[in-house]
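Below, in structure tokens: the form predicted alone, a single chain.
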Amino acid sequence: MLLQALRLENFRNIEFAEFEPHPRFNVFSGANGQGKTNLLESIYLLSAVKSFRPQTNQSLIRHDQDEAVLQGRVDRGGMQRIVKVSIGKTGKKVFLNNSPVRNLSDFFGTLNVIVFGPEDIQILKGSPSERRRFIDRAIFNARPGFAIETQSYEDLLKQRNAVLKSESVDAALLDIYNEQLIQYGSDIIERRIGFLDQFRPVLNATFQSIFDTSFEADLTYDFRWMDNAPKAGELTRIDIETLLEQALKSSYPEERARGFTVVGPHRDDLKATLNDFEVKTYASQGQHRAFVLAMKIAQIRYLEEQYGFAPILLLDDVSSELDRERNRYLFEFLHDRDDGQVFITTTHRDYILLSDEIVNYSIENGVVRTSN
């Protein structure tokens, strides 16, 4: 999979940029605040139609402009496609080969992207939402239709929460939403557990190659909405539905009092362990960063092993957050792969341990220039 050409108009602080990226390594250097992350964000938007950081449509459009346009030429397995996202103040329009996309499920999967930024270094120390975001993005890359499933669940939550907040609850309507929550929620939980079953061995092998073979690295699913939860890997679909149904019934008084849904996959977490000790509590700083790096590299390996293609990798100033040993391992891994396109941002070119198959760019005030 390759992004063969990229064209941006009025996107954030980038008035105009157009170039043909190298099929392997593309390094964008510049001071903070010049537009490096914006460029990576544009590529991610062409994949997922939403950003990897908080944003509104208005914030994506250059000041004093009404529209931003992102366009890329993608080669996947020898087949070329033109992907385009037009961003207005009130919404986005998506095009594939210059035709409007009415069903996003037909668009997702055209461009598969993995992003790794400074905030990811803290993923195991941050809130559960950050770890849910990791697994949901990973599943989306492997199964693009998952984005539709998660969006359906989020829409349902808003509707159900509105009922819980109302002065008088419509019991019949709440029953309908409960049935839908059990269905949609079970879909998401089942996808997450299935992904982890396949991902965990890859993660452990990757961690041991980065850090130490005496450690067993594991990542398990943590149900936050029930006490004494069974092991996720032992649950059938019927088990998951039954647990959700029981939890919804028992939690109704709390939900009514608080005015929002406290049961479901939007409350769950991932638990990272080394030799059965939780990383968040017991791991050293070096082990913590090695685990996060292993999570990202394992995600790449997983996609390559399961689906036979290399996703595009976006590295947003990660090298400044990694110690020297982990940074060296990352670039050895990237260099030794047979293929795989990578876009890297940095404030210091010396962090980037690459010398061949590379194009260097500079970014200043949103202007992109080749600097080789």
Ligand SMILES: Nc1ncnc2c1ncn2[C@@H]1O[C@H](COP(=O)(O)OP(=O)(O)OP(=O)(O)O)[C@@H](O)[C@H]1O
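Source: prediction; values computed, not measured. So that there is no doubt, residue numbering starts at 1 and follows the sequence shown.
Omitted here: the form predicted together with this ligand. The next part is about that form.
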| property | result |
| --- | --- |
| This ligand in the predicted complex: contacting segment from 29 to 37, 328 to 336, 306 to 314, 42 to 50, heavy atom within 4.5 Å | 29 to 37 |
| Interface residue in the predicted complex among Val342, Ile61, Leu70, Val318, criterion: non-hydrogen atom within 4.5 angstroms of this ligand | Ile61 |
| Ser362: touches this ligand in the predicted complex, heavy atom cutoff 4.5 angstroms | no |
